[in-house]
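Just one chain is shown here, as structure tokens, and it is the form predicted on its own.
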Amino acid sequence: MNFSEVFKLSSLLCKFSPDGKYLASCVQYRLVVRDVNTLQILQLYTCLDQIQHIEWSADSLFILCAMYKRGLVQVWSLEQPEWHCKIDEGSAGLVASCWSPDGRHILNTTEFHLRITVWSLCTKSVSYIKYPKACLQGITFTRDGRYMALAERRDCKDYVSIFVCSDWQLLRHFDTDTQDLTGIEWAPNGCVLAVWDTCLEYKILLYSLDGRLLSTYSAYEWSLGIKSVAWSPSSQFLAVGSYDGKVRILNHVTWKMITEFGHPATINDPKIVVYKEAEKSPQLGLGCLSFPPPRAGAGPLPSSESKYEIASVPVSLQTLKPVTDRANPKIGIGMLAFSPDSYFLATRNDNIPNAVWVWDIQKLRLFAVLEQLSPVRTFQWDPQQPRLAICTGGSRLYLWSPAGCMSVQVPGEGDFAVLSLCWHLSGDSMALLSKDHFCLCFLETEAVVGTACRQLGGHT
């Protein structure tokens, strides 16, 4: 495993292009585009204000920079560096901006969600969509780019409108049986739309493309409900994470629950492999010993490393007592993601913040648990294989695969605190992001798996 040099970064804005050729990063009001292979700067663009959001077009030919405070969007061309576009929403303001799937239209959501403005880069035409709902996830496109579903709110009722992306004509419009719609998402095959309600009402609804209600699912009543939702890449499963600390798996045939996964604080099953991260201090020669010894509780040495140990059951995981009288309590399944082959599901229970749970979807059972020394900030699957990357806000990167786990120290001057990460589409590298810098980590598949097997004795 190799690491690149460290580059400056602002606001964790760093993204690979969809074709994998470029890497865009922001430093305040400058946009830097690099060649992924050489990391040489190809283009350097200067925006009119500090950049708050960047997004590549689907064909990787354009990149937009949104400056929400100024109500501005600037678009740059990779093929024609002299070409650029500026969109000014003026007094309407701007709270969100995104590409349409064709990469030639930009959708801007104005302040207070009064409307969505659709700007065409080709014809310079403008169209408007009224009543977009201010919710967690109110716009979703089918993977083939043909249709857009939009959550709307009018006359104190929730609706969903489905548009044809080629001409932005309305295809379907129907109301949803929700109290306060929170999110919508298409299945990867584009055949089913999932709609879920506020956390105060446990309800998820499944609609067909023509607006027919296929099924409604509710696990319980009179308690906080749905916290997270994820489709499997195969579209065969829908995982619903709840505030009760369970994930429920719905199948695509009957849309009924086929199983539920609990996240107990104590693991008693001897068949479950529990990996616990432990500090591993470097060996010191006799001449390097310090007298008197370091203070107790002074924390790990700056050069300390960590490793995974296989814990013996029963294993008690570190729990967090939630503050239940405040909004957004740290309980329930706040994060879940399927592996690209749909074989595994990774989850995090927010009141057991240091643990990542990996579930075997084929056998519908718990496969492994990883307990970190610090709370898990995020995890992402390798786009090409079942390999999970985890970061905890420290200077280490963690990798899990069915072959085992490994902990890798990120080199650099001082502590490089990994706050987020993103995979290259090839799975051969990833960008590691800290508050003010980023670097690339290059992985060699055989070396990673081999190291993990040696470290854990090939335990699976």
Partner chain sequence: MGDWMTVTDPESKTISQYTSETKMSPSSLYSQQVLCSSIPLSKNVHSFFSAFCTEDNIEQSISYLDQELTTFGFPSLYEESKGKETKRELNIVAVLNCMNELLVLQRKNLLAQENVETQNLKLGSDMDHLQSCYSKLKEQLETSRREMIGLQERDRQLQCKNRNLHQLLKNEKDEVQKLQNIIASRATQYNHDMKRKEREYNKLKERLHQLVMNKKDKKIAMDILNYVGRADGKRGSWRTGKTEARNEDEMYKILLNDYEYRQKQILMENAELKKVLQQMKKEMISLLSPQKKKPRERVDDSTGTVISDVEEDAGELSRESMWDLSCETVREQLTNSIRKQWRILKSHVEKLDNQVSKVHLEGFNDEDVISRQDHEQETEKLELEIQQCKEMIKTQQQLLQQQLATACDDDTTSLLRDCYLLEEKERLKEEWSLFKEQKKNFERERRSFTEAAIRLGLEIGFLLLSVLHKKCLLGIHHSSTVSRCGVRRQCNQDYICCLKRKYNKKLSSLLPSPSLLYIRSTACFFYLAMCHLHIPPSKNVAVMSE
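This is a predicted model, so every value here is computed, not measured. Positions refer to the first chain, counted from 1.
There is also a form predicted in complex with its partner chain; it is not shown, and the following applies to it.
Chemist: So which of Glu111, Glu305, Glu309, Asp341 gets a non-hydrogen atom within 4.5 Å of its partner chain in the model of the complex?
Modeler: Going through each option in turn, the one that passes is Glu111.
Chemist: Could you tell me which one of Lys130, Lys363, Lys321, Lys124 places a heavy atom within 4.5 Å of its partner chain in the model of the complex?
Modeler: Filtering the options by heavy-atom distance leaves Lys124.
Chemist: For the interface check, one of 270 to 278, 384 to 392, 311 to 319, 87 to 95 should have non-hydrogen atoms within 4.5 Å of its partner chain in the model of the complex; which one?
Modeler: So the stretch in question is 87 to 95.
Chemist: Please state whether all three residues Phe62, Trp168 and Ser208 have a non-hydrogen atom within 4.5 angstroms of its partner chain in the model of the complex.
Modeler: Yes, the whole candidate spot contacts its partner chain.
Chemist: Could you confirm whether Asp102 comes within 4.5 Å of its partner chain in the model of the complex, counting heavy atoms only?
Modeler: Residue-level check for Asp102: yes, a contact with its partner chain.
Chemist: Answer with yes or no whether Arg326 is in contact with its partner chain in the model of the complex, where contact means some heavy atom within 4.5 Å.
Modeler: Output for Arg326 is yes: heavy atoms within 4.5 Å of its partner chain.
Chemist: Would you check, heavy atoms only and a 4.5 Å threshold, whether Ser218 touches its partner chain in the model of the complex?
Modeler: So Ser218 does not count as contacting its partner chain.
Chemist: I'd like to know if Arg154 sits close to its partner chain in the model of the complex, meaning any non-hydrogen atom pair within 4.5 angstroms.
Modeler: Heavy-atom contact with its partner chain at 4.5 Å: absent for Arg154.
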